[in-house]
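As structure tokens, the next two blocks hold two forms of the same chain, structure 1 and structure 2.
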Structure 1
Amino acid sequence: MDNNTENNIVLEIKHLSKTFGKNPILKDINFNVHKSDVTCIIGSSGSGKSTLLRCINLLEFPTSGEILYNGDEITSNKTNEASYRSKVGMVFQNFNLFNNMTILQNCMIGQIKVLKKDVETSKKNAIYYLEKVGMAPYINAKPRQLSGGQKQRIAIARALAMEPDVLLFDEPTSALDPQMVNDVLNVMKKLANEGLTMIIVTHEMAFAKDVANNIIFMANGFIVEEGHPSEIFVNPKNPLTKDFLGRFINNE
């Protein structure tokens, strides 16, 4: 999976920066994502990881810089945001499940309304992915009736059910126990093999090491270091990276 050619580039981030008011959050971000890549973004709290994902999904508009999706500039005015997002999905740090719908409806609505699938197919598909994350028995529950980990798995299933080309995960395992993390990891690995491109923000270094073929380490809004997990986790070059990974490497 390392021998990606230029033709395979799905997302290209060029000189991206984002400022909230007077606070610069992202500073000159540059990286490429190839087809079927699993890119993990790590970094300390507040370093801008979520903001970066939100920029890629156009939920925040970059202050400057370019984002190319399959070679097309998507920050231009001509982009159809909705159809772009139906191809580039996202799982949020705080889930954002639809409060007015049951779990099943949450997973079906996008398929029916956006992908124009019929109800039966959508339902089968939704239950298929809910089963994958172990939430099939809860199809009649409302989001407010679920535990944190359950909501998180629904959020993952909802995004998967849309069967997008690229999926952005914002800390998809934060509320899960180690066993569940393992299950989700397996699902992701399988999806990666099937050709899904993923960008994952995570604090679980073990998870990142297992699943990723590219690691991006962020600090203070900059990309400090980027590389294959075998390099970053074994031989971090930047002192900030060394400092950040200190505890994880010691634990290994």
Structure 2
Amino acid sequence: MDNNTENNIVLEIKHLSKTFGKNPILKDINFNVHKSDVTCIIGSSGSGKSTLLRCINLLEFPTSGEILYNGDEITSNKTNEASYRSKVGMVFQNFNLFNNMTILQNCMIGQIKVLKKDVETSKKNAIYYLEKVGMAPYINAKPRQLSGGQKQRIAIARALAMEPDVLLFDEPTSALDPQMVNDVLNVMKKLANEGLTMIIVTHEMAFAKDVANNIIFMANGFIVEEGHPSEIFVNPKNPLTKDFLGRFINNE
């Protein structure tokens, strides 16, 4: 554990596998996430990317293997899942906002229920993070009154209000109209520049190349290749990686 602290390792994924019925989705996944890392996971649909994030967040339980958070194994029955998820938060494709609550209430509820913060502290914290993502003017609106891009920025603010150590993003721009994508990516880029530890499943290759310091390419449930963007995008070694990135590199 001391060694993890020394190396700033926040998450360790060891020999992680996940099977649904007889269908193996994740196969012997291994990687580490250090403090302030921005890890982008890329790959075709069905490669296991989202399932991997859901396992890390304990929305799915691995069939085998280990997930260590700050050196502690978290897939045991002793883990307080709500408390863990407040530290390893997640932003989903489809926002998952509470439609019957205002934007401000959406960003306060987790703080009150999970972190046991008082109403005033939760409100102050929520407004701070809504300002951070440019959504403070909308605190009294309901989600149905907002665009997809605005909803996703609120979902990010809600996750940030829990003040997590790591934030997971599952294709955060895939449900957005093209003109709204940049608003969300710019918020994420700002968070990366501020040192937030992030794991991002994305199909936005230019963003991954520009913002990540570690790229993981997945295919058929395996990690096929991992490395710095300068290695993966410029000189991919595996034929599957070359094939997947071919169109992006050729169109650059």
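Here, residue number means position along structure 1's sequence, counting from 1. We call the rigid core the largest set of C-alpha positions that still match within 1.5 Å between the two forms. Keep in mind that what you see is a predicted model, and the values were worked out from it rather than measured.
Between the two copies of this chain, it is structure 1 that is the form predicted in complex with a further copy of the same chain.
Core-superposed comparison between structures 1 and 2: the Cα of Y129 travels 2 Å or more.
For V224, a C-alpha deviation below 2 angstroms is recorded between structures 1 and 2 after rigid-core alignment. Core-aligned CA deviation for S86 between structures 1 and 2: less than 2 Å.
When the rigid core is fitted, V119 shows a C-alpha shift of 2.6 Å between structures 1 and 2.
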